[in-house]
Every structure is written in C-alpha cells, then in structure tokens.
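Take a look at this one chain, the form predicted alone, written out in structure tokens.
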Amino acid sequence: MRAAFLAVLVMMLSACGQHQAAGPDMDVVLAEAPARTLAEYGLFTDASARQPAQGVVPYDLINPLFSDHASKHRLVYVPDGKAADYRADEVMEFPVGTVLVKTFAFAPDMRAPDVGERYRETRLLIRKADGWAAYPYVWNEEETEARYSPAGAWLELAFIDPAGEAVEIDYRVPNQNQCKTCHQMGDAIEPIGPKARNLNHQGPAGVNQIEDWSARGMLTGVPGDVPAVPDITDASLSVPERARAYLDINCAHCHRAEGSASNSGLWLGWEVSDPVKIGIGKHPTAAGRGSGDAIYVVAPGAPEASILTYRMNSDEAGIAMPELGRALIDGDGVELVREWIAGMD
C-alpha cells in the first residue's frame, strides 16, 4: 500500500512539474477576451509575479522611457518552437502568441529602488492573429493579485525621487485608448521598445540580449553588425548623440510618419537625418499656448527659445510633452536636450 501511495505521489508531482514546464497558458494568451487577472496567463509561478514561468525571459532597454521615475521590469515570452524575425530599424517581427510584459514599480526612496519596492501596474502586449492587443492590470495593495483594468486607474503615490526630493503625484495607469495613442502604428498598434538598437547590450542576465535571444531560438536573421543607441547616462559620449537617443525612446513612437503626432511634421526617430524633420529651424504646424510664443521647434543655440524644451519642461496639461505617461518633469532629460540645442551653431 505504501509503495502504491508513493507511486501515485510521484505521478502527481511529475504532473505538476510538467504543468510548470509548459509555461504560459496559450488558451488564455490567445483568447479573444483578456483574462480577469494577470495570474491566469501563467506567465509567473508565484502570485506576486516575481518568478517568471518557463520560457518567460527578463530583458531591458539601453534607455528606458521616462515614467515618473518608475522602475520597470520587462519580460518577453515567445511561444516554444517559434521565433521573432530580426528587423534593423523597427520592432522585431514577433510571432503570434508572443507576450511582452512590463511592470511599473516604486520604492519609498527611489535612490534605492530595490528596497521596499511595490508593484503598481503591469501592462501586457499580446500578439494575436490579427495584431497586437494591449491590456493594463492594476495590483492590489497586498501585491497578491493584479486585475484587468481597461479604464486604467489613478494612484496617489508619494516617494523620494532619485535626486532626494520628496514628491507626491497622481499617477495615471493608462486606459486602453491611451495605450493605443502611444503604440499607434498607422491603423494598428505595435510595441515601442524591443528594437535591435535598444536591446543590443548586456541585459538583466548579464549577457548580450541579442546574442542570448538568438541562442535561445527566440530570434532569427540577426546580421553580424547590430546597431545600438548610446546610453544617455554615459557622459563620455557626445551630447548630440545622447540627446537624439533620449528623443528616440521618449518621443519618436508618436513623432513619426505612422504615429499619433504625425501631423506635427516633427519626426524624432534615431534614424531621421533631415534637420527640419528633427525640428531644427522648423516652424510649428500650429501656434497657441503649446508653443510658448516661440517660433521654432528647435532654435539653434537657443534652448530658451525652443518649443521642444518649453514643452518638455512643463507639467501642464495641453503643454507638457510627452502628453501621456508622466506627471513629473524629467529634469535630466530637459537639461540634456537643452545642452544639445545650446551647442548648435
């Protein structure tokens, strides 16, 4: 009897192990409707979403988009047996069933972001058969469950920022329409971050992410020469390059031909070389309070007379840029772009 019991126990444990090894639940991932809770996708093995399931890989970007100093934890899941196709300038062409996970977290003192960190929201981008779908999830106070929140949420947050200043903000978890605004690519939506130039460095695992994804079979078609944007925090690199890299990750998803700000005629992607499209000596397409009475988007040598820095340095609705995703001004980003403009002839 004892032997039979042990045999059954081993079979049960084996079955449990097989379930864990299976990774995310593809029926839930590819369902037409979003799951009620983040846990239902099977992306993590624990309720607090600290332990990725089999095949769910942490990654990061060389330069993260500024989001009120939030820490961001990114993961990618590419279904077993499938791979993303490499693209030189755009987001990788991910296969159906891919899930991109981004969790936003704050600590009481963001000078030590790992101490007392709390998860606030998790955003999923899921590659369905007919394109990408964006689903926001908001964590409860106990961090035991994140529930689907299509209307987004307002969260009252108080913390010490990386400069040591106490701040209190009404943090906005975007609703689904706002997700689409930033992720608009023509008539569809697309991810923003996972481009070759943003991934090509050592990620959380301490290895080059492009090489790691290739070795895992998650990415195919990688050429010998993969681009990389400059690290905007690396003061040894040139200011113009760092400023363009900052604008690329923070602004170019809207300010491009296919983006939600295409009618501005201001295209801020890393690959854009036309000075006028970048805003240098360019008049705005519309006047008004958003221009701050300036006549050039970028006035060479005069950051105080440039609309670009005026709007970056505002937290007022209707003026602040980016218009979504932040309540605070990114002082370091503003100073970097100011320095870039000041150095122009």
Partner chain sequence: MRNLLIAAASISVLAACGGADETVADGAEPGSSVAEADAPAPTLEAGADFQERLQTALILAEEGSTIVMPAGTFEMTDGLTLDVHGVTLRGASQAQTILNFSQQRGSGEGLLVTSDDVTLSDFTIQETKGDGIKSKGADRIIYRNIKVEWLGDPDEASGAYGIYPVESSEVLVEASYVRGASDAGIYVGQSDNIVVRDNIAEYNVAGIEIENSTNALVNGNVVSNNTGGILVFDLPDLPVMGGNSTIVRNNAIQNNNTRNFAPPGNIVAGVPSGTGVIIMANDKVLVKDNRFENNQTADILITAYSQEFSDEDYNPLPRNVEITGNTYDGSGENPQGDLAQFASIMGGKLPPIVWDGVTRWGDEENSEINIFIDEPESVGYVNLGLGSYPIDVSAAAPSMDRPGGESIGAMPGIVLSRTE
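Numbering follows the first chain given and starts at 1. Nothing here was measured: the structure is a model prediction, and the numbers come from that model.
Just so you know, the form predicted in complex with the partner chain exists too; it's not on screen, but the next bit is about it.
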Can you check whether S291 is within 4.5 Å of the partner chain in the model of the complex, heavy atom basis?
yes
Can G318 be called a contact residue for the partner chain in the model of the complex at 4.5 Å between heavy atoms?
yes
State yes or no: in the model of the complex, is some non-hydrogen atom of S262 no more than 4.5 angstroms from a non-hydrogen atom of the partner chain?
yes
Any of the heavy atoms of Y148 lying within 4.5 Å of the partner chain in the model of the complex?
yes
Which is the contacting stretch out of 171-179, 201-209, 121-129, 86-94, given heavy atoms within 4.5 Å of the partner chain in the model of the complex?
171-179
Looking at P284, P64, G55, P300 here, can you tell me which has any non-hydrogen atom within 4.5 angstroms of the partner chain in the model of the complex?
P284
Give a yes or no on whether every one of Q184, W267 and L324 sits within 4.5 angstroms of the partner chain in the model of the complex by heavy atom.
yes
